[in-house]
Structures are given as structure tokens and as C-alpha cells.
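Take a look at this one chain, the form predicted alone, written out in C-alpha cells.
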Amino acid sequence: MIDIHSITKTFAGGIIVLNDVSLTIRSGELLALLGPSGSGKTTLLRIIAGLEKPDRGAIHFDATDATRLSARERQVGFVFQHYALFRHMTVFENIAFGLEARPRASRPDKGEIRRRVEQLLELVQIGFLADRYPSQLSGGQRQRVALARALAIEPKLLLLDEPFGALDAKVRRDLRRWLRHLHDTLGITGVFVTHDQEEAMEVADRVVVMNQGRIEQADTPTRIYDHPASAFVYQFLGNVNTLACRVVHGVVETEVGLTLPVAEYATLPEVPGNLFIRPHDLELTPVDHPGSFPVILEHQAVLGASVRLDLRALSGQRLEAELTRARHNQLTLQRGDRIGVRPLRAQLYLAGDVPAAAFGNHQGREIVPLDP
């Protein structure tokens, strides 16, 4: 288990990269650090690895204070974004490097090194590439070599920095499924950095969403998606329609003509906020359907099993809806059609200056409209 206690890191110019970050990484789990560029996720990964030192705070590996230990002393395997393979070495030699570089007292003999490297080559499914050089490999193959090299030293913790960022979409999909299977096979504790929401949600046991040097939320992919802890998390995870609104005596009012009741806010004065609606939670209806508001269809695009609709409300607000192909075929929609839409569910976040006690500690209020 890795315990991270109140880590703070400041770079030159007084830029705070990590601000009092605390996190527990459980033994055997695969954890994703997810966030936009500049959120602090890579810096946190490097501090866990021992490649950066925090200004304040501590890191414990089980019961050992590892804050000032080097990466080698921590027994951490690190896979860099751009692989960092030695170009003058073969695949076999790259994987063997960490073992051969050990001090003589802890270095395995040549036979043991060969056995371990051959075992890893089969594990990552590139045994036939042992004698090739990095320049002769595809991006996906190089990534497997980098991972095998990190595993060769039998690390207590495997860390990966944007492991699939330099690969094309299909190779990324294939490799992340393979990584999940490999993790389950080995049972090793792993942490990877990514800015790809789909990657984090598909691969990780838990996702840590970071923003401006702080942790916004750490939870399972399902809970983070279904119960976001902040407006930032809701917007960052997947597409979302954002409607500016105000709450007046228990009623949400928007400029597009949508109104929704929130009875628990009946005693609040007029308060501004935002209403978030996922594209797949917008239902198409006749224009005059109760609970809906009118929009104009501007564009539609078939995306495999789903269809994305680009819509414009009469107020000018742009929205996006997502339908199944079967539902889309039933509707026979044309560009320029005037239709109605209604939310199946929405998430309400009030302005930050409203007292937290008034609406549940700023975590948002899910609204599920009743059928009219």
C-alpha cells in the first residue's frame, strides 16, 4: 500500500503544481491519474517514483517512509511516455538492462537473466522480436518492450506516464485491454497517468481526477461518472450540455425554455447556476410535448452504433443529443427539422457563493424529471 500525505510541490516562479495532495493507493489495484494538462498528475507520478522530491509532505510504501529514497531504493518500475529505449541495444538487451546494471552482489547470473527476459518476452507477446532494434519496431511493439523492461526488475510498483499517448486509436484500444489483462495476471500495483477519459474509465480500478494541483475526486469509474463530486468532474468526464440557469423558489429556469422543479430549494432566493445534461440523456419528442423545449436540427452524424445530433435552441444555445441507430431510423429526421427535446436526467450546480448547507456541499443535485 502507498500512502501519500499532504504532498506540495512548487516549481520556479512560485507555480504551485501540487497543493496538499493526499491519496492511498491500495495493494494490487490499477489506479489512473486523470486530468488536463497542468493538473499535476505527471508531477505526482514522478514524486511517487522518486524522480522528483516534494517541498512538503511524505510518502510511505507500506510502513516505510520512502520520501527521500531514490527510485532504485523504492523498487519502482517506470514506463515513460516515449519509451526511452536504448537505440543501440536489441529488444533482448533493453529488457535485460535493469538486471545487468545491478550491483554485483544482487545481480542474477547470466542464465537467470536470460530465463527472466525470455519469460517476459513471452508474457508481453513479442518473443519473435528479441533480436530486433527499436528502430525496427512499431509503436505498439516499443511500448511492450518498455513495459517488459520495467517488469524485469520485479518492481513493487509499476508506474506509467501516458503509456499509449503516442499511438494511433486502434493500437491504443488493443494495448489498454492487454494492459488490463496483464495487470490481472501479475497482480502488481500500478499507477498510470492519462488525459484520455475513456482510457481511464476502461482500464482502471479507481480513477483520481486532478485539477490545478488538487484531487477533485477519487473513486471507481462507475461512481465518478454517475456521481461526480464537482462541476469540473462532470464536465471533464465525457460530453455534456451546459445550460446557464437560475433557481427561483424551487424552480430551475433556463434561457432555452426548460423549467424543472427542485422542491428542496423552495426557500432559496434567486440563485444562479448551471444545469448539466449528457447527450444520451436528451430525449427527442414532438415540439409540443409537455416538459420539452423546441430545437432546430442542424446536423446529424452516424458514429457506429449511435447517431450524434447537433441542435440549436431558439435562444441560440447549441446542444448535442445522442441516439441509437434504431431510434434514429424510426424518426426519419432531416436537417432543419424543428423538434422537441426533454432531459431524462440532469445535474444542477449552484453558484459557489451560495452557503454549502443550502444544497449539499456544492456536490450538485441530480434532477430526474417525472413523466408529464
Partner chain sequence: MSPRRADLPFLSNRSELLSEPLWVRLLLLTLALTFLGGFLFLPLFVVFGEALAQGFAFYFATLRTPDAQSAIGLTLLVALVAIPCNLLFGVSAAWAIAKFRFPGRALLLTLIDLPFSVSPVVAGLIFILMFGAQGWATPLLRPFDVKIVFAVPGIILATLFVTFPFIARELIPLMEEQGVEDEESALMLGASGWQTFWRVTLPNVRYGLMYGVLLCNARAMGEFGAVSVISGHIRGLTNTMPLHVEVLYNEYEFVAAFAVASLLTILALVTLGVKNVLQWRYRDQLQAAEH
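Source: prediction; values computed, not measured. Numbering follows the first chain given and starts at 1.
What follows is about the form predicted together with its partner chain, which we do not show.
The stretch that touches its partner chain in the predicted bound form, counting heavy atoms within 4.5 Å, is 45-53, out of 301-309, 317-325, 45-53, 339-347. Within 4.5 Å of some heavy atom of its partner chain in the predicted bound form lies at least one heavy atom of residue 100. Residue contact with its partner chain in the predicted bound form: residue 153 places a heavy atom within 4.5 Å of it. With a 4.5 Å cutoff on heavy atoms, residue 86 counts as touching its partner chain in the predicted bound form. In the predicted bound form, its partner chain sits within 4.5 Å of a heavy atom belonging to residue 149. Candidate site formed by 71, 76 and 80: every one of these residues places a non-hydrogen atom within 4.5 angstroms of its partner chain in the predicted bound form.
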